[in-house]
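Just one chain is shown here, as structure tokens, and it is the form predicted alone.
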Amino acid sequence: MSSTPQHSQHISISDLRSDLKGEVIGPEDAAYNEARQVFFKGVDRRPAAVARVAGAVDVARVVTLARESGLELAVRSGGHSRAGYGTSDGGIVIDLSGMRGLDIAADAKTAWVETGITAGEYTSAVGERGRATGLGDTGSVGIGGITLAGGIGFLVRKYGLTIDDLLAAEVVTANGEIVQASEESEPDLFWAVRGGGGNFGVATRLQLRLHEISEIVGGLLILPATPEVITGFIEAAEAAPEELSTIANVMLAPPMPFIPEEAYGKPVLLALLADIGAVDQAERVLAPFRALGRPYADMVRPMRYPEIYEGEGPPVPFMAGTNFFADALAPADAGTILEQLHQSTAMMKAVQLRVLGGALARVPSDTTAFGHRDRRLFVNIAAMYTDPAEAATHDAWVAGVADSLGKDDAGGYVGFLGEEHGETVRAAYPGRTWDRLRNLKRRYDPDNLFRLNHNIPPADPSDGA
């Protein structure tokens, strides 16, 4: 690949620097190679410039530049997009990572936060006040990306998605205007950004509801995986109080210090549990899970809520994956998962199962752009690898597992999708949601400036909608 961005002649780095309060990094700068990186290190793209913006005004200026110059525009919060949407070849990157302002209201019931902060940083900061907002399961993701996608995390059964705690958003639209979207102001835009991803503008600040959460009981529980253990785990999670959310990864045991050597390479159910109910009731709530089998490791303990985000592993170069929603997992399906794990040559592969319901399901389906609120189970299939030449092999394995579990047109969650074809993105927005999003896209971004994402194309004016 050429070291010179394809469209560098369309932009003057010096002019852009003089126009922004934030830092602008070009290909000749020593910091360029670091600045163009995203979470998945196999993504190797060379933007014309990376603008580490200092606020919404900077964002508006870069958006205007991209619109007027025709440069491809990438927007990066935490840079966790598996498709590499947080960077660009020859385009311009809005890097929000310098925008980490946090203002907690005096009553500690809400907070305004800039979208460059990570989920872990935010959770740690509000945790000092004994408060929390549900923000997925990974501390290093950017709060902007996970919120716009929907946000399926540790509080999903008790308090719903991240977007169910989103009260307002400051958004820079495609025409460079800075607007505040809420139920009272720009309600259509507010509906769209709650699940519609980055299709409608750059979210620069979010107002989030805070819940009073201090000490929880959580951590890893690792069990030998059999069909009976897998289905039993799901049944226990469905029967548990809504204060408990679970993430079950069915995988081959990696060589980790807290796993016995004799378990290495054997099928395990690696579960992450988060019980925000009364600590003195946790033993009773967790007993059905511990009764499923003799654990290889039981690291579930009382902790401060922010600790649940600690201990993340290093990023990997590449990941193949897909996901879908379902209503149940039959014992035969659990057996299929175990069989398929042994057929993958990836360095690490897993089928992740998350029981939903609770507060997520009580929000009417047309309240936000996020669909699938009535589904009971979320299934995420992933294979991590290091050699790009193996991409087709691992993509085929992921697709085969999904097909064997009955994915069909079940629809997925855009926050976990990679670079997908249009039908997959379409299925993420069921029913009339897709048409409404396309009409709003035509209204807020008719030229599809914000297209480096799981794209929702503007409605065709000839449709008459």
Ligand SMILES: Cc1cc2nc3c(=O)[nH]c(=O)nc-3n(C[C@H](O)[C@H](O)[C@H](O)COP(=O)(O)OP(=O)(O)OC[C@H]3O[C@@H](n4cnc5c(N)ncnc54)[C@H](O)[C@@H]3O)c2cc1C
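The numbering used is simple: start at 1 and walk along the sequence shown. Keep in mind that what you see is a predicted model, and the values were worked out from it rather than measured.
Beyond what is shown, the protein has a form predicted in complex with this ligand; the following relates to that form.
Student: With this ligand left out of view, which of Ile92, Ile222, Ile152, Ala334 would have a heavy atom within 4.5 Å of it in the model of the complex?
Tutor: Only one listed residue qualifies here, and that residue is Ile152.
Student: Which pick from Asn323, Thr115, Thr133, Ser245 sits with a heavy atom within 4.5 Å of this ligand in the model of the complex?
Tutor: Contact check passes for Thr115.
Student: Which single stretch, out of 256-264, 73-81, 389-397, 182-190, brings residue heavy atoms within 4.5 Å of this ligand in the model of the complex?
Tutor: Among the candidates, contact is made by 73-81.
Student: Given that the partner is absent here, does Gln281 sit within 4.5 Å of this ligand in the model of the complex, heavy atoms only?
Tutor: No, Gln281 is distant from the partner.
Student: Answer with yes or no whether Gly142 is in contact with this ligand in the model of the complex, where contact means some heavy atom within 4.5 Å.
Tutor: Yes, Gly142 lies within 4.5 Å of this ligand in the model of the complex.
Student: Does any part of Gly371 reach within 4.5 Å of this ligand in the model of the complex? Heavy atoms only, please.
Tutor: No - in the model of the complex, heavy atoms of Gly371 and this ligand never come within 4.5 Å of each other.
Student: So, Phe416 and this ligand: in the model of the complex, are they within 4.5 Å at any heavy atom pair?
Tutor: Yes, Phe416 is a contact residue.
Student: Using a 4.5 Å cut-off on heavy atoms, which residues of 176-204 contact this ligand in the model of the complex?
Tutor: Contacting residues: Gly198, Gly201, Val202, Ala203.
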